[in-house]
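Before any questions on how it binds or moves, here is one chain, the form predicted alone, in C-alpha cells.
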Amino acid sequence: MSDLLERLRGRGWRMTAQRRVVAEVLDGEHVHLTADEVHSRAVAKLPEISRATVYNTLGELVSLGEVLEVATDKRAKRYDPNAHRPHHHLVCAQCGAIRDVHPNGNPLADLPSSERFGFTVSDVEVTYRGICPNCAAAA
C-alpha cells in the first residue's frame, strides 16, 4: 500500500473507489501532476471517474494537508503527495519538470533577524530553477 493511502486510512478517510484511484495516481516520490494529468491517469484505471470528482478529491487532499498544491510559475498548479517531509523544488525553466530536493541546512534559520522586519516567520518555500538534462541535451 502506498504511503499516501496508508496516511489516509490512518485518518479514517472514507476510501471510495474514486478516491483510492486518485491517491494511487499521486503515489510516488517525485510526483507533481496537474489535475488534468491526474484525471487522465485515473480514467485509465477507472474509466467512469469524472473530472469533477478528481478536482474535488484533490481539493480535499490539499485541505487535509496530505497533498501540497504547487504553483511554480504561470503554469497549471501541480499536486505533490510528499506533504510530510520538508523539501524544496527544483524546476526546469523550459519544460516545467519538477523534482523534490532535500538540501542541507535550515532556510528558515538562515534568514537573519535583521531581514525579518518584525515578522514571525513560520514557513519557507524555496524553488530552484534551471534546465533539466533532457532540455539541455535537446538544445
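The term rigid core refers to the maximal set of C-alpha atoms that superpose within 1.5 Å between the two forms. Throughout, we count residues from 1 along the sequence that is shown. Being a predicted model, the structure only gives us computed values, none of them experimental.
Beyond what is shown, the protein has a form predicted together with another copy of the chain; the following relates to that form.
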* Counting non-hydrogen atoms within 4.5 angstroms of another copy of the chain in the predicted bound form, say which of 28, 103, 59, 86 makes the cut. => 103
* With the cut-off set at 4.5 Å between non-hydrogen atoms, does residue 12 touch another copy of the chain in the predicted bound form? -> no
* Answer yes if any heavy atom of residue 51 is within 4.5 Å of a heavy atom of another copy of the chain in the predicted bound form; otherwise answer no. => no
* Find out whether any non-hydrogen atom of residue 69 is located within 4.5 angstroms of another copy of the chain in the predicted bound form, and reply yes or no. => yes
* At the 4.5 Å heavy atom threshold, is residue 16 in contact with another copy of the chain in the predicted bound form? -> no
* Which of the residues spanning 113-139 lie within 4.5 Å of another copy of the chain in the predicted bound form, based on heavy atoms? -> 115, 116, 117, 118, 119, 120, 121, 122, 123, 124, 125, 126, 127, 128, 129, 130, 131, 132, 133
* residue 121 C-alpha shift between the shown form and the other one of 2 Å or more, rigid core reference -> yes
